[in-house]
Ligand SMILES: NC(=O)c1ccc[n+]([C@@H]2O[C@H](COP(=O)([O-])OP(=O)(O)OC[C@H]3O[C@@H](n4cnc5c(N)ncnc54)[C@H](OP(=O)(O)O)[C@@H]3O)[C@@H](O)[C@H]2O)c1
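In structure tokens, the next block holds one chain alone, the form predicted on its own.
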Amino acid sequence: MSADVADADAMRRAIELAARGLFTTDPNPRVGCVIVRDGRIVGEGWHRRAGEPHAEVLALGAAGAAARGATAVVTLEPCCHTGRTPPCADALIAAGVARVVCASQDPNPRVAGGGIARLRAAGVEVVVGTGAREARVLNPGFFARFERGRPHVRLKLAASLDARTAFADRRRAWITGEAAREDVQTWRARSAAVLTGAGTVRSDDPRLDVRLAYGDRVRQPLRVVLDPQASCAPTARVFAGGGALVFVAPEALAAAHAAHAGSPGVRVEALPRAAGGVDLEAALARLAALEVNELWVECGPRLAGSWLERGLVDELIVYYAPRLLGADAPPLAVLPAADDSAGAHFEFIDARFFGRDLRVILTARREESACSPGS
């Protein structure tokens, strides 16, 4: 077996391991590592959560003395800085590995090639690029945060076959079935934050929390509400239990602080105004500063239209129920008339059934890049 084929096989295993941290590693990336010696995996590990050992350290620990002279295959460049844990590049050097294969350079400027340089300076052979696309798919938000200064944005919509998102009389009722709603829980669970608008809070009073357990505990995402006029009642369920952030317009900041003064764990911040509400780009920049990698958006048609019109949606996830709601029902998104060059184009990447409902996933294809981020 050639080295390239062996590296690719080992990287696939490392990616499988990295995926085990899908719901737990934020704000760190999901990373897996295997130690290979004489064509056999002698140690493997994956990063579980921030502050705990990184994948390389766990894999080296499992390999023990067999790591000397072996190849370490890791889904992201080994770190070279001391954060909550020591540098992984140093651990690999100390263990005596002869070769490191990593999928890509770390976009974090605290690493950004430094780990690779440190390994090479110590005489370790380093190969970069094996399985790069597949490994990147696991961490779209981590790359987006450092490369674009904002989280990876997923917009979720639930609609009828005629692209309507609620009943015409606006009564509160589910459009999709239980299986589709359980799938939404998995997307919320992998997201660092879940965002909605004031209109949805007032009309639906959602919790926007995670109610399914993954592993040994449930990590609740930050719940974010865009409430320009501070119109949401502090007793709304989205604010229960803390862990919420309210973005308001500057002129509503004092009123919002007063309204939420007795709400523990609820933060209020002002954002610049924009047409129809607050500046969405500013919201994304602030969330990136809070180390939000992946943002899950569930909102009404007007706010959904704003995200789409601004070209800020990286993935569009739509659940279609096999029913018709009629022309008087609210639409999928409120958008202005647009020519073919406006906003973002999308391409289908997945379609599958959840119960009787069909879920489709699309990624954005913007003209300037002609490519889309992974999901």
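Residue indices: 1-based, along the sequence shown. For clarity, every value in this text was computed on a predicted model and none was experimentally measured.
Although not depicted, the form predicted in complex with the ligand is the subject of the following passage.
A.B. asks: Among 186-194, 98-106, 250-258, 277-285, mark the stretch whose residues have heavy atoms within 4.5 Å of the ligand in the predicted complex.
C.D. replies: Contact-bearing stretch, as computed: 277-285.
A.B. asks: Can you tell me if residue 165 lies within 4.5 angstroms of the ligand in the predicted complex, counting non-hydrogen atoms only?
C.D. replies: Flag for residue 165 set to yes.
A.B. asks: With the partner left out of view, is residue 200 within 4.5 angstroms of the ligand in the predicted complex by any non-hydrogen atom?
C.D. replies: Yes, residue 200 sits close enough to the ligand in the predicted complex that at least one of its heavy atoms falls within 4.5 Å.
A.B. asks: My question is simply whether residue 136 lines the interface with the ligand in the predicted complex - judged by any non-hydrogen atom within 4.5 Å.
C.D. replies: Answer no; every heavy atom of residue 136 is more than 4.5 Å from the ligand in the predicted complex.
A.B. asks: Just to confirm, residue 211 within 4.5 Å of the ligand in the predicted complex by heavy atoms?
C.D. replies: No, residue 211 stays farther than 4.5 Å from the ligand in the predicted complex.
A.B. asks: Quick one: from 120, 219, 302, 110, grab the residue that has a heavy atom within 4.5 Å of the ligand in the predicted complex.
C.D. replies: None of the others qualify; the residue that does is 302.
A.B. asks: Which one of 131, 114, 87, 228 is close to the ligand in the predicted complex, taking close to mean a heavy atom within 4.5 Å?
C.D. replies: Exactly one listed residue reaches within 4.5 Å, namely 228.
A.B. asks: Indicate whether the candidate residues 10, 34 and 38 are all in contact with the ligand in the predicted complex, with contact defined as any heavy atom within 4.5 Å.
C.D. replies: No, the whole trio is out of contact, none within 4.5 Å by any heavy atom.
A.B. asks: What residues in 156-184 sit within 4.5 Å of the ligand in the predicted complex, counting heavy atoms only?
C.D. replies: Heavy-atom contacts to the ligand in the predicted complex: 156, 157, 158, 165, 166, 170, 175.
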